[in-house]
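Listed next as structure tokens is one chain, alone, in the form predicted on its own.
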Amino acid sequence: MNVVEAQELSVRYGATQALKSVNLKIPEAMVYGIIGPDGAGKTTLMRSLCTLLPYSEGSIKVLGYDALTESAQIRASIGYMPQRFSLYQDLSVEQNLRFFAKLFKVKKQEMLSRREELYEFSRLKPFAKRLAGNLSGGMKQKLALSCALIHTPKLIILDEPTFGVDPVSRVEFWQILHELNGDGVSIIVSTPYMDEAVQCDQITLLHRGEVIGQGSPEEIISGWQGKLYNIKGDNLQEMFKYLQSKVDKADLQLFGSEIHLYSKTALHKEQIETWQTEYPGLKSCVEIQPGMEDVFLRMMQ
């Protein structure tokens, strides 16, 4: 069974096309990633799946329900965590959980039992009386996730849940997601972080509202064609300018303190030595295996 099916989904904001003919089939009991930079259409897609945004063309089914005619059934069956923290800052952790339990008509005894389960995996119990507004960024995200899970949904949809969260909290959050998935919960998560793509079973890569790749992270990376080189040296910006005069600018990408160079064929040793002679600051140029970010940047072009 597929928890989500979208066919030829298109969304417009006036003259702007936010999504263009997006097709999705997401199997149940899977961690599915929607990956792309800011402006790719991730939030538009997530909100459309949650029936919070009307779409121009196409169709959506979530858990077998039609998004146009059965939106109430969808909203009652899923958990949704928006991009920005949207809980009540002046309510405590416990009060937020109780409020959302009432909102989803969870019976009191079931709510108490569920709350203890959520406290256990989120480790928020020691902070039950603390106001949500006084929590750290990582703890706020755990609380938002807990509120989305209070009614035991079959599917949770998370829009950039780790954006702006410190690295340690990001790791903890993904550990929680994998634990939930191990319990049979289907998860759809969007993220701009390419390193998080490998946390997912399958992914869709979005760029300017269009799908540019789908499959498992391993399948997408294995589709790389050509060679990739890691270049290190002194004065990175000057070295980058020098290399731009030698190769196609589109084949060069800055990666922190390094430069990645794409080439259709292997570079000859003599060519690298010539570069090092002309720019002595170029210390090394070695072939490497591409990561998801390399592949995505290449696919964008």
Partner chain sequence: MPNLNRIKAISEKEVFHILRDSRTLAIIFILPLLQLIIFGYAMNMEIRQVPLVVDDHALNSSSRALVDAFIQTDYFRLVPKGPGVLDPGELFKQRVAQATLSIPKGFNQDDFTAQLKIDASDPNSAQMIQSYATGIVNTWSAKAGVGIALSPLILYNPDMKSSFFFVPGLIALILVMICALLTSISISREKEMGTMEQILVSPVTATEILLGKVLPYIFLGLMDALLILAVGMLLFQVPFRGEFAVFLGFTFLYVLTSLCLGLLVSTMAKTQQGAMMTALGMTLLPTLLLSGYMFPIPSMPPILRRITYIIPARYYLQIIRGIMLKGNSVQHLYQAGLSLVTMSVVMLVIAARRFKLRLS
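Positions refer to the first chain, counted from 1. Not measured: the values here are computed from a predicted model.
The same protein also has a form predicted in complex with the partner chain, omitted here; what follows describes it.
In summary, among the residues 76, 198, 128, 112, the only one with a non-hydrogen atom within 4.5 Å of the partner chain in the model of the complex is 76. This chain lacks the partner; the member of 67, 40, 63, 259 within 4.5 angstroms of the partner chain in the model of the complex by a non-hydrogen atom is 67. In short, of 47 to 55, 25 to 33, 244 to 252, 266 to 274 it is 47 to 55 that has heavy atoms within 4.5 Å of the partner chain in the model of the complex. For residue 138, no non-hydrogen atom is located within 4.5 Å of the partner chain in the model of the complex, even though that partner is not displayed.
Shown alone here, residue 90 lies within 4.5 Å of the partner chain in the model of the complex, counting heavy atoms only.
Contact annotation for residue 178: none of its heavy atoms lies within 4.5 Å of the partner chain in the model of the complex. The shortest heavy atom separation between residue 86 and the partner chain in the model of the complex is within 4.5 Å.
Taking the partner chain as positioned in the model of the complex, the residues of 99 to 127 that bring a heavy atom within 4.5 Å of it are, in sequence order, 99, 100, 102, 103, 104, 105.
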